[in-house]
Structures are given as structure tokens and as C-alpha cells.
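Only one chain is shown below, in C-alpha cells, and it's the form predicted on its own.
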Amino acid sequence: MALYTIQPVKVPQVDTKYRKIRTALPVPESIPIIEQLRKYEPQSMQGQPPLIWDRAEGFQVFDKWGNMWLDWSSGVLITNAGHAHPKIIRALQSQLNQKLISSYVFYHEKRAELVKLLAEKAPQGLDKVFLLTTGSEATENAIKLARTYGIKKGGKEKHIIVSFHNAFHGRTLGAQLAGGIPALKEWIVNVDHGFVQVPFPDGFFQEDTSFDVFLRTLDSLGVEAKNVAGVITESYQGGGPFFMPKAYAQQLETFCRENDALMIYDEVQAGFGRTGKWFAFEHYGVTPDLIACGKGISSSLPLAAVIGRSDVMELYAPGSMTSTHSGSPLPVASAVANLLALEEEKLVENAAELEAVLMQGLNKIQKKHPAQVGFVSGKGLVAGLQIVKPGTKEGDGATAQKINEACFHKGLLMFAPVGAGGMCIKISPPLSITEEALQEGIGVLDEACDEVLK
């Protein structure tokens, strides 16, 4: 990933209802802070646009020098209900006033409220909830449960976890073993052969989206279906976003049922209304055995969860499947308030309604630049433009970065380009965004693409 320059650049001033740019960027006075961060943090933390967040509210981010960005990042698909949602702020203040901010797995009332809410939102039969801290923890736990279940049902041979090429499930060992990006596994060296990957039916890189590819790939890898303990997939792959064809997802469900393999959906960045449905797998008409959740579960503080079938979730005895901050009171309070806000303010419905506006705008941009905008996809309020070298599917990360930086200079904030070679301009505003603000952001992106792609 290329680093953004921290040499201040004079940019045109912006003053609209949703954006204000009043200084050079990055702000000259912010450079000492950025340099201090670069001095004491590893370079892995240096990949995002160079602004110093001072506060964030709703769908806007502010610095202390009078600049205001329209936020199309939601942090990193965290703030589904919007930044600093009043209900979440009040819930956190109330919890602080109660003087309960840490509890390990000792019982507390808000935890009971949250797990009930999550179980009620999940499909029928998924009635157990295990709270964790991060999305990586959630996917690791789901993998552990699937392997435990498989070995118990079919012996040690039934331990294979199937995942997909280009998948991302987190940065810890098990999550990266299940991931489908070879470069992220080089540090592991001795990769566990109980993890195998098959092509993801994205319709762009993998043009053949038939389920036969799944079966043929397992056969070529020497994997017998009866030995598959679980299949884990993101509900959509984040580098696109890329979605499965509905028929493929349903055939995958059939495969799992016929072979008593657990079907795991990683909803860490897809859940809680992001795609216009509470869970993104609802678009496929399937019912997972395990759901990994995170990010938008609280719209704020670190929290994750695994939701699943009782017979699977009960495989471990009391005290043997816990985490230090499982259900910690502050994140739990924020999550309860977040879930209620998403429901009461109909933010999931808002995401569904604004999908047409967003996709119409992005398709218009692609039609203007068909040689370099190779693919457009999205559902609800997550979408992406794949920036390619003309006439190919080869990612053009340098050009994607220029578009991203041009938007930043104009007051539209997105996180750095993602996906293969950093080719995807990822769009994920808070679900509280209005149509007027969304249209303004589309206009800014359109202008930036015109300038960079000419």
C-alpha cells in the first residue's frame, strides 16, 4: 500500500452543507502529530489519509482546524448507526455513572439484554450467542467450533475447513489460515493442510460461477466431502464487494447439509444493516449454522460475537470457552443502544432505499470511464469501483490511490483502496446518511474520477 504524502498541498477551498476544506492538506499544524505517530508506531499503521480526527458525528468527520469531511468509511464499516450516535453516547454515560466498566464473564444485566437481542435477530434455531472483542476472535472461534464438531461427528479425518480465494477473515493465525490471500500467509511457513481454498464466484476474476467449480476444486485437492468439517465464507468479499450468486449460495448450503459440515458466514463487515438487510446472507435465502459478527454490532467500541446452533455452541464445558473481555459492560451497553437505534430509526431500510441512488451514480461513472473502471458492485450502502489498467482485469492501485486522495482533498473521506493490489475504491458511509448527502458524495467521486482518469 502506497503512503499518502504528508507534505501540505494547497487545495481549492470547499464550503458546502456537508463538506468544508479551509486549509492546505494535510494541515500544516497536524504534521508534528503525524510525525510523532510515525516515530512510535509501526509503518503498518500509516496507510490511511493524513488527517487528525478531532471528532466525528453522524456521517461527518472533523479536525480541529475547521475542516469537515463527508465520511464514506464508517471508520472501517463500524459506525453503521453513525458516529457518536446520541443513544450510544447516553448509554455509555449511564454505564460509566453506574461504575461498572469491567466484569470478565461474571453476569451483568446488560449482557443478558444484548445476547437476547442478537438471538432474536438471528434465524430461528441459532439461539446461542458468545460475545468476544474482535472480528478475528469471532472467526477463530467459529473455526474452532466447526473443527470440534467435525471431529466429534466423524473422527479426526473430518477436520477440513474450506474457504475461498481472496477471502479475508482477520489477522490472527487461524483467521489467516482460513483466508485466501497467499501473501498474508508467508509468515506462517508451515500452513495447516486442513485449510483449503476454492475459487470465489465473484463474476469478475472468477467468471465461472457454477457450483461445479467448488466440487471440482475439492476433488483436485484430494478432499473428500465427508471430511469437510465446515465451510466459511464472507457474506460478501470486502475487496469488491463481491457477492455470491444466490443459486451458488443455496447449493453450498445443500452441500453442507448433505455432508454434516457447518456453514459459517463471516458477517463482520457485512452485518447489522450494511447491505440493506439485517444480515447480508439474507440476500441468499440461506440459514448458516454459525455467524461471526463484529464492527457494526456496536457502531463504536470493540465487540464481536458468534451466534449459532445450540448443539454446536454447547460443545465446550463451563469455563472452557471464554474471553477476558467477553461481554465487557461498556461495549455491551453501546451495542444494545446501537441495535435499538438501527431498529427504531429504520436505518436498515434507509440503506436498502439508498442502494438505487448509489448504484445509479456509480454505474454512471463507469459508463464515462469503461476502460479503467472495470467492475462496479454493491448492495445497500456498501459498494466499490475496481480500477484497472485499460483493457485488462489487472488492478491499477496507483490510479485508485490518486482518486482516493483527490476525494480527500475535496472533503470526501474513504479509507485507502483495498482488494487485489489496492484496486478497489470502497464506499461504506454510515447508514444514517441522507439522500442529499449521498448525492453530494457521488458528485465529488465523479469529479475526482474525471480529473484522474481524464
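In this text the structure is predicted, and so the values were computed from the model without any measurement. Start at 1 and count along the sequence shown; that's the residue number.
Another form, the form predicted together with a small molecule, is not on view; read the next lines as being about it.
Across the options 90 to 98, 337 to 345, 155 to 163, 267 to 275, residues that bring heavy atoms within 4.5 Å of the small molecule in the model of the complex belong to 267 to 275. Only one of 281, 149, 168, 242 lies close to the small molecule in the model of the complex, with a heavy atom inside 4.5 Å, and it is 168.
This chain lacks the partner; the member of 135, 180, 380, 308 within 4.5 angstroms of the small molecule in the model of the complex by a non-hydrogen atom is 135.
When contacts are judged by a 4.5 Å heavy atom cut-off, residue 110 does not count as touching the small molecule in the model of the complex. Taking the partner from elsewhere, residue 85 is found to have every heavy atom lying beyond 4.5 Å of the small molecule in the model of the complex.
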